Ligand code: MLT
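Just one chain follows, in the form predicted on its own, and it is written as structure tokens.
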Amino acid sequence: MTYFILVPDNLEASGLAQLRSIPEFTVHAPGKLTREQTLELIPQAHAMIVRSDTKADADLLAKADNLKVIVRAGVGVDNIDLDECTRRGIVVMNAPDGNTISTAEHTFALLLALARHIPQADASMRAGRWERKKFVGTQLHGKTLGIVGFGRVGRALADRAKAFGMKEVAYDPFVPERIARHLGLACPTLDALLEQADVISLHAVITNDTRGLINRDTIAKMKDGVLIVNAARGSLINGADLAEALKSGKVAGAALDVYDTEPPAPDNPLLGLDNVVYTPHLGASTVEAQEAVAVQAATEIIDALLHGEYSNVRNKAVLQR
């Protein structure tokens, strides 16, 4: 049997080469496809690899008569309707390993940029000014880092924070407490973390419980002058509430790599604030990470279609069908 593999988003050449080396595969990967082009091609597809741009929603899945597998080349699967995939017998997998280090490194870069006002100081110098007193920063050594979400990236961030002499606390209801304690981290309740942390870094997945996790009520429990970093998902933050706290000084600064819609709408209340560092979703944007997730995604397609083997399944109920 010949399998049609659809790749509607950009994927590194190493992953595509791996797929194209399989005689049973016909790979259609011309680069970024429009929604209309994807809808036209999806009826032929037996498997699909997506990044964050392609929305595998109910409308698209209704046309996917032959689709057996979707692989997200990356971590988050909030652009895939998992319930609808399960109903249709489509296995959804992700590739969570390849971008861990790159995302953790970018998160720490954001934290350093935020604590030391690096983007603002750079802009000042480029404008011909010398404003040393204006950009007095915050030392990270001895500060408490609260990590919300203690999966792969959260743990990698914790390793890096130790090198800076930071104290660390972690909260994640889905990760056994013994794992964090084995790594030397305290595991308070979320409320206790919010009260203790000088810096809060978000690494949680989007669920009904975590959507809008950073809001007026949770911000009120934080220390005055707290710093917030988000390189996970924009929907973890209520933008209007955080913007209000940034303007009042309750939150001294934020560093954002992700937004509730991407690119962010011009009226996003978090845009244009002097005490915010912005990057355009660059957490996994390294050559090494892109190659690693592409290869992992391709391997999962091959294992699933040719060997009936599945890993990193995000809708495990489908395997019981």
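What you see is a predicted model; the values in this text were computed from it and never measured. All residue numbers are counted from 1 along the displayed sequence.
Form predicted together with D-malate (MLT): not shown, discussed below.
Enquirer: Go through V75, A104, A161, I200 and name the one with a heavy atom inside 4.5 Å of D-malate (MLT) in the predicted complex.
Expert: It is V75.
Enquirer: Tell me, out of L256, A284, I49, A56, which residue has a non-hydrogen atom within 4.5 angstroms of D-malate (MLT) in the predicted complex.
Expert: Going through each option in turn, the one that passes is A284.
Enquirer: With the partner left out of view, is N99 within 4.5 angstroms of D-malate (MLT) in the predicted complex by any non-hydrogen atom?
Expert: Heavy-atom contact with D-malate (MLT) at 4.5 Å: present for N99.
Enquirer: Is there a non-hydrogen atom of K143 within 4.5 angstroms of a non-hydrogen atom of D-malate (MLT) in the predicted complex?
Expert: The answer is no: K143 has no heavy atom within 4.5 Å of D-malate (MLT).
Enquirer: State yes or no: in the predicted complex, is some non-hydrogen atom of R233 no more than 4.5 angstroms from a non-hydrogen atom of D-malate (MLT)?
Expert: Residue-level check for R233: yes, a contact with D-malate (MLT).
Enquirer: In the predicted complex, which of 248 to 256, 32 to 40, 60 to 68, 276 to 284 comes within 4.5 Å of D-malate (MLT) (heavy atoms)?
Expert: It is the stretch 276 to 284.
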